[in-house]
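The chain below stands alone and is given in structure tokens; this is the form predicted alone.
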């Protein structure tokens, strides 16, 4: 893609994001996006064949802009499963403040728009896959607590580390990120990590890494 074409594409994505966050998904048309970006309506359709295509590209653009791939690398760089579980929480609370507005936009639109629902489910599947890798590591090392299987534990982590948890605790209740991170890490360790006696106390207190 030429640099000029790439610049135009980024202008359109930035304009779409501004308008959609300000007015909502259903209140913005492609012509308005074109006007905001300073390009023709034809140019918008040339880069993005439809409004649903624009929405999906916008989500990917936000991820790239906030550095999501680089932040997620932390979960792959840790050397043992307990650190991976903690890293999930840390990464979640690094990314969530940066994408919260966009996530809310998609969430609000998903019930009435199939494209928004598809974009939402794509993000949720991606998050669940990351959680599953950490849980499978715990299970392989024999650290998953009795009564949990891989699917249930993955669902639990995925649901706890959701946009709703961030919204309720940080946005609405005003929790500092540090407090939220500490409590979520403690909950996951105490709930999902097995073992007995002093060894489990060390694992679940976060002192064993």
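What you see is a predicted model, and the numbers here were worked out from it, not measured in a lab. Residue numbers count along the first chain shown, from 1. Heads up, when I say rigid core I mean the largest set of C-alphas that superpose within 1.5 Å between the two forms.
Although it is not shown, the form predicted together with the DNA is what the next lines describe.
Undergrad: At the 4.5 Å heavy atom threshold, is residue 51 in contact with the DNA in the predicted complex?
TA: Heavy-atom contact with the DNA at 4.5 Å: present for residue 51.
Undergrad: Wondering, does residue 176 line up within 4.5 Å of the DNA in the predicted complex on heavy atoms?
TA: So residue 176 does not count as contacting the DNA.
Undergrad: Using a 4.5 Å heavy atom cut-off, state whether residue 148 contacts the DNA in the predicted complex.
TA: Contact check for residue 148: no, nothing within 4.5 Å of the DNA in the predicted complex.
Undergrad: Does residue 41 reach the DNA in the predicted complex if we count a contact as any heavy atom within 4.5 Å?
TA: Yes, residue 41 sits close enough to the DNA in the predicted complex that at least one of its heavy atoms falls within 4.5 Å.
Undergrad: Select, from the options 149-157, 24-32, 165-173, 61-69, the stretch whose residues sit within 4.5 angstroms of the DNA in the predicted complex by heavy atom distance.
TA: It is the stretch 24-32.
Undergrad: By the 2 angstroms cut-off, has the C-alpha of residue 175 moved between the shown form and the other one once the rigid core is superposed?
TA: Result for residue 175: no, shift under 2 Å.
Undergrad: Checking residue 144 here: with the core superposed, does its CA move 2 Å or more between the shown form and the other one?
TA: No, shifts by less than 2 Å.
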